[in-house]
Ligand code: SIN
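Next comes just one chain, in structure tokens: the form predicted alone.
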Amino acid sequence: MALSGFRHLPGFLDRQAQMRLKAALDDVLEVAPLFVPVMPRSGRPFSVRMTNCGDLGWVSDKAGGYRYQPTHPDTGATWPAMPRQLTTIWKAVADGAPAPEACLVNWYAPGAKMGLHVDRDEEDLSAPVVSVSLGDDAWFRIGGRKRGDPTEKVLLRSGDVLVLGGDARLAFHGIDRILPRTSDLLGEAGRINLTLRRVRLA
């Protein structure tokens, strides 16, 4: 079973709320286009494309490794503001944690996945990680605080919200695969995952 502090909130956003959030993300992508990060050591590209919004954005490259920075790695522009819908979700589920400073936007095309990993590049590890799913269904996998711990799968659908707080804040997790054409929200096969994080100590 998943660690305490892990919450799956199915259908947190109804269809209309999903559409409003998708429209806000279209504006974000105009200012901060998707880019392909690479692994720090190998330089191997991720299978997902990503961008960010908020005061800080998460990036990865061979020269600088995993980190947060205030500017887009390709354009050099500051990240666009976080849509109000996302801060509203945070306030509803983050149990009073300080406001999020970063929202990582991951675009999963058919065939894309994300291996088991832990979100630990933040200074403030007491605040939860909150993620929002839009588009196609995906199989999410979560384990324990050690890579070899048992894992379980959770089916994520468009509009679902996940919270990794408490003991689950440093749990290994990832996306096994997406299920193409299980949603028509995005107008094409694929999935968007929005991950809200508090980065700096308040």
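On a predicted model such as this, the values are computed, not experimentally measured, just so you know. Note that residue numbering begins at 1 and tracks the sequence as displayed.
Form predicted in complex with succinic acid (SIN): not shown, discussed below.
**Q** If we take heavy atoms and a 4.5 Å cut-off, which stretch out of 69-77, 101-109, 120-128, 87-95 is in contact with succinic acid (SIN) in the predicted bound form?
**A** The contacting stretch here is 101-109.
**Q** Could you spot which one of 32, 175, 168, 161 gets a heavy atom to within 4.5 Å of succinic acid (SIN) in the predicted bound form?
**A** Looking at 32, 175, 168, 161 one by one, just 175 meets the 4.5 Å heavy-atom criterion.
**Q** Report whether the minimum heavy atom distance between residue 82 and succinic acid (SIN) in the predicted bound form is within 4.5 Å.
**A** Because no heavy atom of residue 82 falls inside 4.5 Å of succinic acid (SIN) in the predicted bound form, the answer is no.
**Q** Tell me, yes or no, whether residue 156 is in contact with succinic acid (SIN) in the predicted bound form, where a contact means a heavy atom of each within 4.5 Å.
**A** Yes.
**Q** I'd like to check something about residue 18: if you look in the predicted bound form, is any of its heavy atoms closer than or equal to 4.5 Å to a heavy atom of succinic acid (SIN)?
**A** Output for residue 18 is no: heavy atoms all beyond 4.5 Å of succinic acid (SIN).
**Q** Although the partner isn't part of this model, could you tell me whether residue 193 comes within 4.5 Å of succinic acid (SIN) in the predicted bound form, counting any heavy atom of the residue?
**A** Yes, residue 193 is a contact residue.
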